[in-house]
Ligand SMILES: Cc1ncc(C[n+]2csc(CCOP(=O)(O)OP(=O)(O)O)c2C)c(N)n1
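Shown next as structure tokens: one chain only, the form predicted on its own.
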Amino acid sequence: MKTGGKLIVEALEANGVDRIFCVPGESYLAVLDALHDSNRIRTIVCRQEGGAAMMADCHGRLTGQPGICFVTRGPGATNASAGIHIAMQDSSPIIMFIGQIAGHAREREAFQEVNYKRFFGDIAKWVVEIDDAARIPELVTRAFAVATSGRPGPVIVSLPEDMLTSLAEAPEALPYTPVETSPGEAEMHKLAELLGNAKRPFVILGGSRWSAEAKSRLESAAETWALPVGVSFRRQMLFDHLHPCYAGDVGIGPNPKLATYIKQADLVLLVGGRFGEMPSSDYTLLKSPYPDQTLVHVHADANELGRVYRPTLAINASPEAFASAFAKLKPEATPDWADETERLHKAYLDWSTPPETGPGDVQMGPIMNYLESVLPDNAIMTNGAGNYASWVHRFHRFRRFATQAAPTSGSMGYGTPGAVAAKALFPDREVIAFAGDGCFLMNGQEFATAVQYDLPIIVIVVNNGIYGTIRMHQEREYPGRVSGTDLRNPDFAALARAYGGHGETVEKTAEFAPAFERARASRKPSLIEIKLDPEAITPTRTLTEIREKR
């Protein structure tokens, strides 16, 4: 006979969990007590449930294994919902366990009572409440299967407090069985036929369920076929940016030359992604539901095939299995489009070369050039949302798998908790978080988590004193009528030092490199505040230019 709390921990161990992210709560004290006896699971205590859920998301997207977080009932769960929404839109496997009120108090609006099936119903892949402790091994292992199969996503497991303290006899938990989906021989033969007849093909990579091996195989296949390849929004780690077939990021504000080529392509091979509103430029690069191009859509979840776009050829396969099969296909002759692939790669190199000048005393272009010269290929970059992120997405050249963690859902506040999770996973790799001033203050308290667990991340806060993306849209739509977008900020470097970390302030371009080296040398969690002129709202256009164009 074991308590429900003990059975939860045993089920996690059986499924290979080695760490969890949590904010403690009295509703799941029995689990915390059982974790005290576990020598296989590391408990990372966070400062806010949204940060804990985002850490779990980062773990899931970098490893492919479900990130695990525990939060308490009511406000704990609602705080965490931002991270659940990210995981749903980004197809990240995570499992969030929520302490719940005792069964006898249901339907009375008891203290912090929430119906989680209703609350999370539209932003989670599955929501379950475990009423009987004897079913914990069954339902927890099922949660792992659901979170990872087909299109991965978040699973919510509600744990009534009295269930966790009850004693039950239950079978030993067994690990979940991963489900692979592979392309058929006929489908691959049809793909080879379509490529053989194409004149202007293009490949777009996205989604989750990738691995370093799948990335490598896809790169080899692209080279064999001389195919131009782009990556979907914030999926840049899926293809080496210096590979001769790489054509660029098909994200927000893509290279106009790339966008034109995709619109004029006669065949698009979309692998792993859904190619939603943002990467498709509001469904103009690929028209929904009927694209102008011949579309071959490869996805691990059959429900995504034909959901937004009607493909000419639908292949129900994971990126891993498809890359393996595609690498075996060989063209019958040298493809006609090889020269175009070369031109697209050169256009990407030109597009991703940062400008040297701009408004104000701090120039982000030279800073990005410096980071490119000193960061190793395996450095991990994290960020949330805001115009500052365009400096990373456009000018950092990603080379290796598991080097990017950023929400395709466009959620703010992700960079710092994402960096904490990434550094906990890969302590020997450099982890750099980019954040705007507004973005940082949404989950910047997780810098304290980095300090507590001695995780020497470097957070670069680009401070322009405004909610930059919203101000940019505001000036375009309502020029000169500023409302609700100004910020009065703290001294971020001093805040980092108050947390116990290292803090630097950069007010001139030349100050950044020595500040970065001091941050590295400190071996502490570090924050570098860059005071950027608000006019430098994009790499190519100022706020004044945006306002006056209207």
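Position 1 is the first residue in the sequence shown; the rest follow in order. These numbers come from a predicted model, not from an experiment.
Below: the form predicted together with the named molecule, not depicted.
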To test your reading of this chain, name the stretch in 458-466, 122-130, 400-408, 139-147 whose heavy atoms come within 4.5 Å of the named molecule in the model of the complex. 458-466
Is Met412 part of the interface with the named molecule in the model of the complex - any heavy atom within 4.5 Å? yes
Is there a heavy atom of Asp437 lying 4.5 Å or less from a heavy atom of the named molecule in the model of the complex? yes
Could you tell me if Leu329 has a non-hydrogen atom within 4.5 Å of the named molecule in the model of the complex? no
Partner proximity in the model of the complex: Leu286 to the named molecule, non-hydrogen atom cutoff 4.5 Å: no
Which listed residue (Ile262, Val362, Leu238, Ala385) meets the criterion of a heavy atom within 4.5 Å of the named molecule in the model of the complex? Ala385
Looking at Ile470, Ala105, Ala302, Leu174 here, can you tell me which has any non-hydrogen atom within 4.5 angstroms of the named molecule in the model of the complex? Ile470
